[in-house]
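Single chain ahead, written as structure tokens, the form predicted alone.
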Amino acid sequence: MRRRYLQALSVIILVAVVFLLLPRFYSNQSFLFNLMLYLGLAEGVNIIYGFTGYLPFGYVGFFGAGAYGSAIAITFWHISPFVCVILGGMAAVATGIVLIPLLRLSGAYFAIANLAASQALYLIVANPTMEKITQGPYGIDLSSVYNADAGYYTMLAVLVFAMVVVAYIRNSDFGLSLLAIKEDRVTASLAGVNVVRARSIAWMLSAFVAGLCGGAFGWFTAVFYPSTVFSLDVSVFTIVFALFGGVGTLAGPLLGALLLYSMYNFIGISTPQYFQLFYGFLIIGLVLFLPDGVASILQKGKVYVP
């Protein structure tokens, strides 16, 4: 067990050092930030789907709640943006608490209900009657506190936090409880696992990570719109990244997001119509031939994936 913790720690340190040093050699800070953003979101999805089996199609709702929660705190309270990023995470947790009844569902029913909830939240935020609070459909302007470097390193801190959470779950008794729930909730309950509490904690942790990502995104970009932070593309990309790498591990979602987002940035932006077609075939291929992601190939070769 100690060896596994050390392996996970080595992965976390490697990722942190790489993103600390990369800006000195690669000037596209926006690309690096967005890559970290999707790495963090992929680990967030990993917490709830990789360990409990709940597929959150509406995961973007937590991301949007974090972005708006942080932005509203900055706008009305005029406190440190870093503190507001944390408050954005808490706003996502509050949203998760409201949506906890969805955990009574499972499979496609949960996924669809979660997706509908995220769109309901989007409609509330984007409603013109909410203009005095959320600016409605007109977008949020945080240019008064804009600091790209601070936003970048805050996102790095969020990514490290997400990786630490996943590493702990992966190598702890709590993680084993979640995996038991994923396999069979009834059997896990009979074995003494408090199913409701365990999956609720995982749900809150997953929401908190997404909310922190949303808060860091808002600070880094300074200007954003509801259609941006509640875009279903965020959920789709994040889920595909996590599945491609392999959920239930620390390194899998990192690998998936690194490979696919890099590919999207260099190919998909110039020819989005072809890249969407590629993504469609990729999802079909994953379901049919590689349901456990790239990490499963290594694991079949007796290579331990942190």
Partner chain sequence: MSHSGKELLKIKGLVKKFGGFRALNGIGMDVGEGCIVGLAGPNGSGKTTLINVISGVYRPDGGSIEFCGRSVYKLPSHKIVRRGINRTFQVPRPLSSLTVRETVKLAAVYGTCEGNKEETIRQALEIVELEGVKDVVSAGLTFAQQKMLGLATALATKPKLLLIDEIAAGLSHQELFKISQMLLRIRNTGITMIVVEHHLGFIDALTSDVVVMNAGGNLFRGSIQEAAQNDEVVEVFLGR
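Predicted model only: the values in this text are computed from it and were never measured. Residue numbers count along the first chain shown, from 1.
A second form of this protein, the form predicted in complex with its partner chain, is not displayed here; the remarks below concern that form.
In summary, among the residues 179, 232, 130, 100, the only one with a non-hydrogen atom within 4.5 Å of its partner chain in the model of the complex is 179. This chain appears without its partner; in the model of the complex, the one residue of 80, 147, 189, 200 with a heavy atom within 4.5 Å of its partner chain is 189. Stretch-level contact analysis of 81 to 89, 139 to 147, 213 to 221, 190 to 198 against its partner chain in the model of the complex, using heavy atoms and a 4.5 Å limit, identifies 190 to 198.
Of the heavy atoms in residue 225, none are within 4.5 Å of its partner chain in the model of the complex. Its partner chain in the model of the complex is not approached by residue 161, whose heavy atoms all lie more than 4.5 angstroms from it. In the model of the complex, not one residue of 223 to 252 has a heavy atom within 4.5 Å of its partner chain.
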